[in-house]
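Let's start with one chain on its own, the form predicted alone, as C-alpha cells.
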C-alpha cells in the first residue's frame, strides 16, 4: 500500500438477520437439563476458600476436602435469573462502546500468542511488550475488530509478576477500543487493573457505567475452575466490571467423545462460575464464553480447524441463547502455520457458524498454529473473512425499494442500470474486498503476482507507520506509573 493511510472507519456493528439452528429447541433443552443434573450430582471443583464459603452459605453441598460444590437446580436457576441480559462493554473512546444486546455480533483479536511473524524478516520470533502495543494499534485501526482480546501476544520481556499490568497498559495505549484480558488471574492483580481503569474513567460510578475493560477467564480443568481466576473475577464483579469464563472441553480428552456430551461439560463449566458471581454480587454483568473442540486423534492435542469445532461453536451459542445471556465464542485460531488456504478454510467456517447463530462476541482473529503465532497479515485477512461472513449474515432484504419493479420497467429490455439514481443509492451495499485481489490476470501478472498476503503486509506497515490511537492523558500515565511501581514492589 502506498500513499497516506485512509482515515479510521467507524466500527463495523454487525446485526445478523439470517439464523441457523443446529440443536433445535428440544436439543437445547436436553443439554440444559443434563447440565443441571451434573451440577447437582457430580458438582464442580472450586479451589478457593472464599468461593466455597459463598456457595456453602447459599445452600450448596460442599466437600471441603475435595473442594467440590454440588449446586441444586433451583438455586442454579435462581442465580442465573439475576444476571443482566444486556450490558455495555465500555471503551476509552465512548464512540467505541459495545452494546451486548442479543442482536449484535462483534469480532476481536485472539490471544495469547508467544511468537510473532516479524513484518520485516518474515520469520517467527519471541513476542515482547512492544508487540502487545503494535498488535493493539493495528486492531484499533481495523473497523472489523470491535475490541482487543488477549492480549494478542505475551509480553515475554516483562517480569511475570507485573506482566498482566504492563500488557493492559500497552493495550490501553494502543487502542481506544474495549480491552478484554485473559491474564488477570489473582485478586491482587484484579485490584490493580481496576485502579488503572479508575485512573482513566475518573470514578467508580463511571467505571460501572462504562467499564473500559472486562475479565476473561479460561478453564482447562473439566468440571473445575481455577482458584485465582475465581477470586479475580469476584473482585471485578464487585466493581461492576464484566467477567466471563471460557471452558475449553476437548472431546476424547477432557469431555466425552460425543459432541452432545462435550456441550454438557461446556455448559456446566460456563454456568458454575456465573452462579458463584451472582450469589456473591447479584446483578453483576457476566457473559458466557467457550472454545469447545475435539482432540486430534493423530497428535493427541489441539490443532484447530475441524467440522466438529464448527458444529460445537454454533450449537453452544444456541444453549447460551436459551439463558438469554451473551456468549464470547472462540473462533478462527487456525491450526495452519502460515496464512495459507488452510487458514482461510479453517477461519471462514469457524467464523460463519457463530455469526449465523447470533454469537455476541467472536475471539480469534490474527493467530496461527493453534493460537501460538501472531501474524499481522492473518489479522487483516481474518477481518476480510469476517466481512464476508457479515455480508452473508445480512441476508437479502425484500421490499418495494429493493424489488425495484418500477425501475426495471422504466429501463426496459436491453437497458443499463449503472448510471441510474437507484444504482447510486445502493452502490455501497455491494461488498468490496480490502486485500483480496480480483484484478484481471494480465494486471495481476504486471503487479508481480501480488495477492492478499502482499496487500495485507503493505496495509499493516502503513498502519504501524501512520496510525495513532486516541492518546492517554499525561496525568493518567503518571497514575499508571505509580500503580505499576507499587505492583513491582509487591
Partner chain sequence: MERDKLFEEMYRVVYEGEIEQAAQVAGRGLAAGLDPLDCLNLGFMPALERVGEEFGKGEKFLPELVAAGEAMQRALAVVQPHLAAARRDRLTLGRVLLGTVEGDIHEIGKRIVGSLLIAAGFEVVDLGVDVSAATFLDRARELRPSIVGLSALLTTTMVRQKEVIDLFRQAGVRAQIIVGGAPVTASWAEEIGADGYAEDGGSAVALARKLAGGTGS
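Just so it is clear, the model here is predicted, and its values are computed rather than measured. If you superpose the two forms and keep the largest set of C-alpha atoms that fall within 1.5 Å, you have the rigid core. Positions refer to the first chain, counted from 1.
There is also a form predicted together with the partner chain; it is not shown, and the following applies to it.
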Report whether the minimum heavy atom distance between residue 418 and the partner chain in the model of the complex is within 4.5 Å.
yes
4.5 Å heavy atom contact, residue 443 and the partner chain in the model of the complex:
yes
Evaluate residue 29 for contact with the partner chain in the model of the complex, applying a 4.5 angstroms cut-off between non-hydrogen atoms, and reply yes or no.
no
Although the partner chain is absent from this view, report whether residue 428 comes within 4.5 Å of it in the model of the complex, heavy atoms only.
yes
Okay, which stretch from 49-57, 453-461, 434-442, 36-44 lines the partner chain in the model of the complex, with non-hydrogen atoms inside 4.5 Å?
434-442
Would you give me the residues of 312-342 that have any heavy atom within 4.5 Å of the partner chain in the model of the complex, in order from first to last?
none
Core-aligned C-alpha movement of residue 93 between this form and the one not shown, 2 Å or more
no
Comparing between this form and the one not shown on the rigid core: C-alpha of residue 434 shifted by 2 Å or more?
no
Following rigid core alignment, is the displacement of the residue 461 C-alpha between this form and the one not shown equal to or greater than 2 angstroms?
no
